[in-house]
Each structure stands twice: as C-alpha cells, then as structure tokens.
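A lone chain, given as structure tokens: the form predicted alone.
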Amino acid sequence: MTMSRLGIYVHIPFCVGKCPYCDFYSVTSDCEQRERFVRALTDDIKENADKRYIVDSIYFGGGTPTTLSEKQLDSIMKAVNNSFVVSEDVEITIEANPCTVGEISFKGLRSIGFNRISFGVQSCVDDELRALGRLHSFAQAESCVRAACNAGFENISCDLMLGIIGQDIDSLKYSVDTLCSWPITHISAYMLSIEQGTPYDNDAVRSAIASEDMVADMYLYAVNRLNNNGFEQYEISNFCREDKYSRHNMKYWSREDYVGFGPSAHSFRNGKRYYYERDIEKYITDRKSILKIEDAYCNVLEEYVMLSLRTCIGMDISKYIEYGGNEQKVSALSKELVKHGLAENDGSHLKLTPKGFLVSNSIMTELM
C-alpha cells in the first residue's frame, strides 16, 4: 500500500529584534524560555506521532530558528525522526537571518540534517536594509551565503523585498543581479505590504514607500530579470533554478497535508485546518487550550481558486467545475483575461501571467 505524503512545519517564535514591517509571530526571549519552549515543542511532536504517512518535507520557520542552539535544533529534529516516517529524500529547510548564525556552524546544521537554507537577505543595498530595520549588512549576507555553500548546502534560497523606502529600479537591478551571481538555487521576491499593528503601520511610512504603480513596475522588472538569469517563476513570489522549488511551500498551494508545531503554526489534514494561537507561554504550559479548529467546513472551491492561481501551473478548469465552479463564467472570464494579457489558457489550465498576478485578488473574486 502506498503511504500518503506529509509535510511538517516547525515554528520557532524567537527573534533578536522585531523588524518593523513583520507580522509573523515572534518574541524576544532569554535562554530559560527558549529551553522551556524546546521541551514543550518536542513533547508536542512526540504526542502527535503518526507513522501512517511519509514525511517528505520539514520546514523550520519563524521568527528566526537560528536563535536556537545546535543542541536544541538537534533535539527537535530527533523528535521528528522518532515520531514520523521520514523519507530518504526529505527536504529539510531552516530559515536564517545573517545576523543570527554567528554561534551556529553551517556544518553543524548539515550534520543535524538540514539540506536547504533560506536567508532573509531582502536587499543588497545597506541603506535599504537600514530602512527595513534589518540587523545585518550586505557583506554579512554574502558571507553567510558563501559559508553555507562551502559547508555543503546545495539548495540555498534568498528573500528579496520590492518597494523598500528609497528603492528604485536601478537599486533593484543591482540586488537582483547580485543575488543571481551567488551560488543559490531559489529566490523569493516579495512586495512590501503594510501590515496592521506593525510599526510600519503609519502615514509617514506609507508616504515614503514606493507607490503601487512603482511596485508593480518593480515586480514585472524583477520577474523578467530573474527569468533572464535562469530563475524560473513557479509561483507569484517564487523563482528557482534547476527545478529547486520549495517542496514544502508547494504543499500549501496544492492542498497537500501538513502538520504545524509551535505557537501560530497551522495544519491541514484530511480536509480540516487547525492552528495554535499566538501565545508562547500558553503553548509551553497549556497548549491544548490554544489549539483552534479553522474552517471546519471550508469552501473547497474558494480554496482551490485562491491556491491554484498563485502558481504557474495554474487552475485545472475541470477541477474548478468539479468543485462547483460555473463553466460559463470561467469560459467567458478566461477569454477576457487572455485578451488583455493577464492569463494563458492551454485548454486544460488557466494560468495567470506576471501582469495577471498583480491583479490576482480581483480575478479570484470573480471566479468565486
């Protein structure tokens, strides 16, 4: 009998300092709290042991996972290996900020089992990094990427942000070309958005960042430049060389099963979604009280439209109709989108173009 595949997400909610634009759950901490958290996390993993699935992707995100020690990361990985059937070709990713890997060796991360690393570079221009409140310099970022490569990481991803205060097409070109010259296989290019409740959520920042039209121009420029440098787009914000797409993130967009551990971590299994609330102390002392069911009766059509149209594979039109979509609506809208260069239709799939990705929310709303 073929065993189903499963992804595992581990949320490490610690950061040295909070970036002013970031809405992901993270806190500053001391050694004692980190140790208590790791004990609670490994207990959670063990209590949810399930060997009916084969785990083919493990992703340590945050926060900043590299704020933990090698010993702590190793204990978490051992809990996963002892609780689940892990495939031999598993992809194991760890997110890292260039300013937090000083006391962790890349060879140490490799020995623990990590074979993919994702660096929060964001920009190759120091003034832009300062505007983002980043704690690393461009030189630190480059040094970390090259050190990771020398330690044996063959699958390295870097984040790039578009629309930073002070950024223009020329500085974006410099960042894109610089990243493309590094020994990396993946780039995530995100458009800066102002999240409610973050320090960036104020009129002064809104007036200083690039306009929507400028960000759109930057996005289309980045897509073209990355493609010309061998980075193929496979999702709205993600590009890879050598077919090194993020296996874990593809699970999210393909509605495959995954389990999340840690405060704010989400899970999707057997068509149901659940998550832990954002409360590290409750997670440590009484995690069952913050485990919440989400979308117990989710709208499969809406989910399929929203997730599939994020990817360059696109939306399978027959599935759209199977899930309750309107055949006449998708046919008429498809013709309009193709006419205006916003999508392609190969007869079986509707795929958004880069121009279409920029207005994807309105397109998805039409189809739902």
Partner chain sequence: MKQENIRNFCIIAHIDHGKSTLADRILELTSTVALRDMEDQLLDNMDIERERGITIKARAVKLKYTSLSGEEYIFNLIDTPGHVDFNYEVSRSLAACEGAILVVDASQGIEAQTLANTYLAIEHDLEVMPVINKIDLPSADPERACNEIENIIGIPAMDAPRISAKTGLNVRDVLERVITDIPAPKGDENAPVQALIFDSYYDSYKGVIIYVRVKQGTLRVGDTIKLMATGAQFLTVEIGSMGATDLVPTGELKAGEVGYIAASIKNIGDTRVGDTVTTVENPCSEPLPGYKKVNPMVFSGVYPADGAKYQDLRDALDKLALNDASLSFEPETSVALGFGFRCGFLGLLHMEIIQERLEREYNLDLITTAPSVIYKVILTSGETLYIDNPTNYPDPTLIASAEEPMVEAHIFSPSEHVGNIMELCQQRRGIFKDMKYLEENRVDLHYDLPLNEIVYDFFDALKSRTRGYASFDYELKGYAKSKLVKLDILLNGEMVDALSFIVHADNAYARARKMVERLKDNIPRQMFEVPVQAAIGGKIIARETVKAYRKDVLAKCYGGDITRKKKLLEKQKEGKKRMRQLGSVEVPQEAFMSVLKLDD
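No experiment lies behind these values; they were computed from the predicted model shown. Positions refer to the first chain, counted from 1.
Quick note: we don't show the form predicted in complex with its partner chain, though the next part is all about it.
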{"property": "Heavy atom contact within 4.5 Å of its partner chain in the predicted bound form, the stretch among 67 to 75, 248 to 256, 176 to 184, 200 to 208", "result": "248 to 256"}
{"property": "Heavy atom of each of Ala216, Phe357 and Met364 within 4.5 Å of its partner chain in the predicted bound form", "result": "yes"}
{"property": "Partner-contacting position among Ile54, Val38, Met306, Ile317 - heavy atom within 4.5 Å of its partner chain in the predicted bound form", "result": "Met306"}
{"property": "Among the candidates Thr28, Asn326, Asn299, Asn48, the residue which, in the predicted bound form, approaches its partner chain to within 4.5 Å (heavy atoms)", "result": "Asn299"}
{"property": "Residue contact check: Ala151 to its partner chain in the predicted bound form, 4.5 Å heavy atom", "result": "no"}
{"property": "Contact of Ser237 with its partner chain in the predicted bound form (heavy atom, 4.5 Å)", "result": "yes"}
{"property": "Arg273: touches its partner chain in the predicted bound form, heavy atom cutoff 4.5 angstroms", "result": "yes"}
{"property": "Its partner chain contact at His266 in the predicted bound form, heavy atom, 4.5 Å", "result": "yes"}
